[in-house]
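One protein chain, two forms: both are listed below as structure tokens, the first as structure 1 and the second as structure 2.
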Structure 1
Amino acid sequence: MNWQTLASALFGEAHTIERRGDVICGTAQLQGQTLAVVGTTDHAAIGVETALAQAKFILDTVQNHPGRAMLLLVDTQGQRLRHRDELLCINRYMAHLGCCVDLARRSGHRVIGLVYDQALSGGFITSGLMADSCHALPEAEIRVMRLPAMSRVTKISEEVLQALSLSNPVFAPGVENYVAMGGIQSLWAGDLQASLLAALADANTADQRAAMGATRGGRKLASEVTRRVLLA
């Protein structure tokens, strides 16, 4: 689903969302409340400019519209792999974006993430996964690291990782596996506006991902390990 179709499904004509390069941003009206909407499109590779543009929109919302709910729309292939971006410390800019989302949450803004197309690597970690809750469309594609890259990092053969991915969601891409692990709270199908309203109405802003992963069987130890660390 492209962002224009998504915006229409969520808000009808009651929005000012527009595209600026790979960034989409604007405001929308939903049952009497105004939402700030920001994200990326066309499988954007998150470079310095893209990260800063999203961060600026979020900071402007925090400064000028206290308490306004935010919707983060995710469609990214991850960080841009260019020498220029590495020299400019893309890791710091992406961390800055994540910190801005965290600041918005701590400042009383309800922040909802929605993966509507593709979510890969750091571009997903510093946006949708920083929200109060992150949701996805059923046809979305989600993975943080491809198995060949995971093999190089972990020094485990790709064949072994491929076998593990058949039974363990931690090693497998796909939106269903991220639901099982708790990274995606729910899939939105059918009435997308109703799904967004339900997410905004959920008053629980605590991080429930580890607990959901344990309940759903996708991450069986994270919640218990976290509990033991906190008690230590």
Structure 2
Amino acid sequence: MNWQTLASALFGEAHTIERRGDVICGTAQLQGQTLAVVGTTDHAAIGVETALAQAKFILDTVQNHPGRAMLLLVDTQGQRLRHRDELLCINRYMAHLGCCVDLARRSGHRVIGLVYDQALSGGFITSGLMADSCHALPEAEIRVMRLPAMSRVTKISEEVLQALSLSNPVFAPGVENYVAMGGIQSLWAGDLQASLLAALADANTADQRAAMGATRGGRKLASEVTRRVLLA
């Protein structure tokens, strides 16, 4: 789904979301409350500028509109793979974006992430995955790498990986796998506005993804291992 269609489905005409480069941002009205909306489009490669622009919007919101809920819209091919970005320390820019999302949550802003198209590795870690809860459209794609690339890295045949991925969600791309592992809290199908309202109403701010992964059976050990470290 493109971002314009998504914005209309969520807010009708009641939004000012605009595109500047690969970044989309603006505000929206939803049942009497104002939301700050920020994200990327066109499978953006997140470079230093893209990270900084999103961070600026989030900081502006925290500074000028205390408590305003935020919606992070994710469509990224991951971090930009350029020498210049590494020279400028792109991991610092991206970590800064993640820290801004974290500050917003900590300052009492409800922050919701939504993968509406594509989410890959670094671009996803520092945005949607830093939200209070992250959701996805059923047709979205989430992955670190596709099976052919994974096959090359691990030197294990694609057929074997394909077979393993039927029973274990850690190997294969797909939103359902991320739901099973607790990384995605829910899939939004049908009435998107209702889904957003439900996510906003959920007051939980603790990181419960490992526990969700255990309950859903997609990530059986993470929660238990963390618990054992705490009890040791």
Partner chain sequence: MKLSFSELSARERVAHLLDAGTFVEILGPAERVVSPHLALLGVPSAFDDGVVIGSGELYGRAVLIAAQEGEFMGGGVGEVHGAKLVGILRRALIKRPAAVLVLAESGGVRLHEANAGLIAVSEVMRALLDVRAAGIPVVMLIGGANGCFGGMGLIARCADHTVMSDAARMSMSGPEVIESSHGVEEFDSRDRALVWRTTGGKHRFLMGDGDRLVEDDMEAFRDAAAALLGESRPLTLEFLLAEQALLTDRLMRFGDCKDAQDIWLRLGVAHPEQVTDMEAAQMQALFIPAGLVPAAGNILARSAPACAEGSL
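When a residue number appears, read it as a position in the sequence of structure 1, where counting begins at 1. By rigid core we mean the largest C-alpha set that fits within 1.5 Å across both forms. Residues that one form lacks are left out of the comparison. Predicted model only: the values in this text are computed from it and were never measured.
Structures 1 and 2, same chain in two forms; the form predicted in complex with its partner chain is found in structure 2. In the core-superposed comparison between structure 1 and structure 2, S165 has its Cα shifted by at least 2 Å. Positional change of I125 between structure 1 and structure 2 stays under 2 Å at the C-alpha, relative to the superposed core. For S107, a C-alpha deviation below 2 angstroms is recorded between structure 1 and structure 2 after rigid-core alignment. Relative to the superposed core, K155 moves its CA by 7.7 Å between structure 1 and structure 2. When the two forms are overlaid on the core, a lone consecutive residue run of 3+ whose CA positions all differ by 2 Å or more between structure 1 and structure 2 maps to 144-167.
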